[in-house]
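We begin with a single chain expressed as structure tokens, specifically the form predicted alone.
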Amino acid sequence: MRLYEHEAKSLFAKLGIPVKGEAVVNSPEEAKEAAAKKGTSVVLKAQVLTGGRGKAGGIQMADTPGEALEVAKKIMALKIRGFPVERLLVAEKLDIQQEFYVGVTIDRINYKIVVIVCPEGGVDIEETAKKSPEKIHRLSLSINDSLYPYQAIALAKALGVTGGEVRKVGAIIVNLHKLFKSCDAKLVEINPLVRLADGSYVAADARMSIDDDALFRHSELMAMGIEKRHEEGEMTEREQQAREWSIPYLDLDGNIGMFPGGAGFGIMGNDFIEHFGGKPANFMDSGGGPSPERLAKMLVLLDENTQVKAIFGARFGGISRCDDFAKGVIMFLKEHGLSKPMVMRMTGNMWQEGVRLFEEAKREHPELFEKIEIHGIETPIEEIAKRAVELAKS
């Protein structure tokens, strides 16, 4: 469960992690007032629960209150990755001399907490890890371990910090680890942690995700208005629609719509698409023994997604039945119609009956099946995934 930047910074301040005084505003007029009170150049930052704000124009400078008003109007008219901007953070523009990355997260392979630092901040840490892995420094800790000052100082020195500033940065790293554990977090990061001209250090940005299953233990968070919310924050319109239909669904950033048979099969399908050079547009779970009506609604979510260029369908009949799968697809075609190519395969429980239903429907309404390629057990699932990638690219 991701927190807003201003929420994370409030928690930072309580643990002694330095942040600058900032104002959360709900309108361009309030942004103008906040800028006037600061009496200096300001940064206006969109408060949305997703990354990529800067690239999308959600972080901009303003030198005067009047300019802050106009910039705020532009930012609040944006949708960043589908999320409308409803609030802004107005912060004093900092005299930045150097930027670093500091984060704490979970190493899911080794079942450890890992503290990560990098001398290059303000950039995508994943890209840095791929291109320049030698710049990433890690310290793994067991869940019950404390992070001692000498360990944090070693990490600060790995950042290139020297002299009396080593202890300042070390204290920030120690407190970030304390915050991670005290809030049952999954991720806490400062990107960037900045060194100012006077030698002080400030968390210029903050990202924090906590385990929503542990929220009941944290009355202090609920007192701040932090309540259980969607894993990545605001839901997209399709995610909201899927929730109303009780369909587990998550939007991704690819262009191949995933129409799976069960969560496990859905995960496998997404992996196949990635393996063959494609990008899934979503994750979706049909649930055990889905009705034809439910399956038809799943296809509506994909067909109406303008990002989707092709649909990959795969059904392995176990608890669920392939004839119900076929009925759902046919129902969708008759009631909604298909606007983009789809390749699908089904095998398992009642797959032959499913094939029969498709053949019968195709004889009656051949025009409905012009964009669909239907395969049975004779075609390997790998070939279906490859074909979906080809269709999306073409």
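The shown structure was predicted, so the numbers you read here are calculated from the model rather than taken from an experiment. Numbers for residues come from their place in the sequence shown, where the first is 1.
In what follows, reference is made to the form predicted in complex with guanosine-5'-diphosphate, a form of this protein that is not presented.
Taking the partner from the other structure, guanosine-5'-diphosphate in the model of the complex has no heavy atom within 4.5 Å of any heavy atom of residue 264. For residue 59, a non-hydrogen atom is located within 4.5 Å of guanosine-5'-diphosphate in the model of the complex, even though that partner is not displayed.
Mapping the unseen interface onto this chain, residue 318 falls outside it, with no heavy atom inside 4.5 Å of guanosine-5'-diphosphate in the model of the complex. The shortest heavy atom separation between residue 45 and guanosine-5'-diphosphate in the model of the complex is within 4.5 Å. When guanosine-5'-diphosphate is considered in the model of the complex, only one residue from 158, 222, 94, 77 comes within 4.5 Å through any heavy atom, namely 94. For the options 199, 122, 277, 149, the residue carrying a heavy atom within 4.5 angstroms of guanosine-5'-diphosphate in the model of the complex is 122.
In short, of 133 to 141, 178 to 186, 241 to 249, 199 to 207 it is 199 to 207 that has heavy atoms within 4.5 Å of guanosine-5'-diphosphate in the model of the complex.
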